[in-house]
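Quick heads-up: it's one chain on its own, the form predicted on its own, in structure tokens.
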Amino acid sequence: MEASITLKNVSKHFQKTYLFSNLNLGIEKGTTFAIVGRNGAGKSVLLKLLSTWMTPDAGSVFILGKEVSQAVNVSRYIAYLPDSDCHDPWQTGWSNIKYRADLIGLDEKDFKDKVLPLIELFNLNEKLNDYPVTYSRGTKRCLNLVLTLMSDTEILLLDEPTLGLDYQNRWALLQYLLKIKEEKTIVIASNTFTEIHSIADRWIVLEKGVVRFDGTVAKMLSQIEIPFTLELMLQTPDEQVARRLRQLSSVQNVNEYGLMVRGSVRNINDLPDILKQIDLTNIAGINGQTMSVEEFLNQLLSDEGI
């Protein structure tokens, strides 16, 4: 399969300490690729290298077959969401969006077709006349997502995209990514398994700049058992949701806590099928808890004798 992004013998160091050394990596076109690791593992630096915000000290980065140094306008192909804010806090939300639209050359029709649905998706309509400096952390992240996704590029690089999002906006983002994942190459960096397990075609787990795991969720589950707790947030009380979960053999220990229904899922891969068997019209949000990256790496490195 054709590669969207390729790294060949890439090295990057800070103050004579190598964060990456001779890293080789290929990300196939039209796939969703997850970079997982502890804080400080190198996830954000790797995304910066892929986005060309940062250049390697050695080696080469190729975007759609072209070496980055030879690419004329990489922004035509890549939209990058950093883990920090990418808006002007002293311009209104609307001004930020209009400035970005003008910068990437969106006409009135494209703005209506591509940008307005994103504003609606992330519930920003009532905030656009305010200044982002007054926004909550989650609202700032929603604005950053709109500014990134409106580019509609072939490659999306998302660094901790759900950072600060509430249940509703987190679910909206994951649904959006599931909708477009067949059309784009998506690279997501995260320090949690929960948010990306259902959309990633392939994972790598970074530890101190070294790839400790590379493969699919199925491969991961064949090495380590990953428990998962599903939480459904209801808009109104509904006994049918808990009753339906109890009927599924793949869900155990179903309990109700007000507007929240919680159950233990035997296999994390069963989650998409479980959600298909539930009426989601009364669901305000979906959340999950699984082992942390720290716990996974401890098990993985223990198995390797490290």
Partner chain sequence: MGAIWSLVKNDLRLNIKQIIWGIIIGILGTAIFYLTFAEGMNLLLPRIEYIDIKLYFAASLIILTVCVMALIVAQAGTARQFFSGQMANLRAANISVSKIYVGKSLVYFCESLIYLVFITVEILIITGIHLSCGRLLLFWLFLIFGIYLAVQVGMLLGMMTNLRFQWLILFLLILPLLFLSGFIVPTHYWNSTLAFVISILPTTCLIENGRSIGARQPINPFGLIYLLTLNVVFVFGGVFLFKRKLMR
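Residue numbers count along the first chain shown, from 1. Quantities reported herein were computed from a predicted structural model and do not represent experimental measurements.
Keep in mind that the form predicted in complex with its partner chain is missing from the display, and what follows is about it.
Novice: Which residue among Gly164, Pro117, Gly215, Pro89 has a heavy atom within 4.5 angstroms of its partner chain in the model of the complex?
Specialist: In short, Pro89.
Novice: Looking at Glu231, Asp102, Asp130, Asp113 here, can you tell me which has any non-hydrogen atom within 4.5 angstroms of its partner chain in the model of the complex?
Specialist: Exactly one listed residue reaches within 4.5 Å, namely Asp102.
Novice: Find out whether any non-hydrogen atom of Gln168 is located within 4.5 angstroms of its partner chain in the model of the complex, and reply yes or no.
Specialist: Gln168 lies outside the contact set for its partner chain.
Novice: Using 4.5 Å between non-hydrogen atoms, is Tyr80 touching its partner chain in the model of the complex?
Specialist: Yes, Tyr80 sits close enough to its partner chain in the model of the complex that at least one of its heavy atoms falls within 4.5 Å.
Novice: Using heavy atoms and a 4.5 Å limit, would one call Asn191 a contact residue for its partner chain in the model of the complex?
Specialist: Residue-level check for Asn191: no, no contact with its partner chain.
Novice: Please tell me whether any heavy atom belonging to Glu183 falls inside 4.5 Å of a heavy atom of its partner chain, as the geometry stands in the model of the complex.
Specialist: Close contact is absent here: in the model of the complex, Glu183 is far from its partner chain, nothing within 4.5 Å, heavy atoms only.
Novice: Name the stretch, out of 117-125, 171-179, 200-208, 149-157, where some heavy atom lies within 4.5 Å of its partner chain in the model of the complex.
Specialist: Stretch 149-157 is the one.
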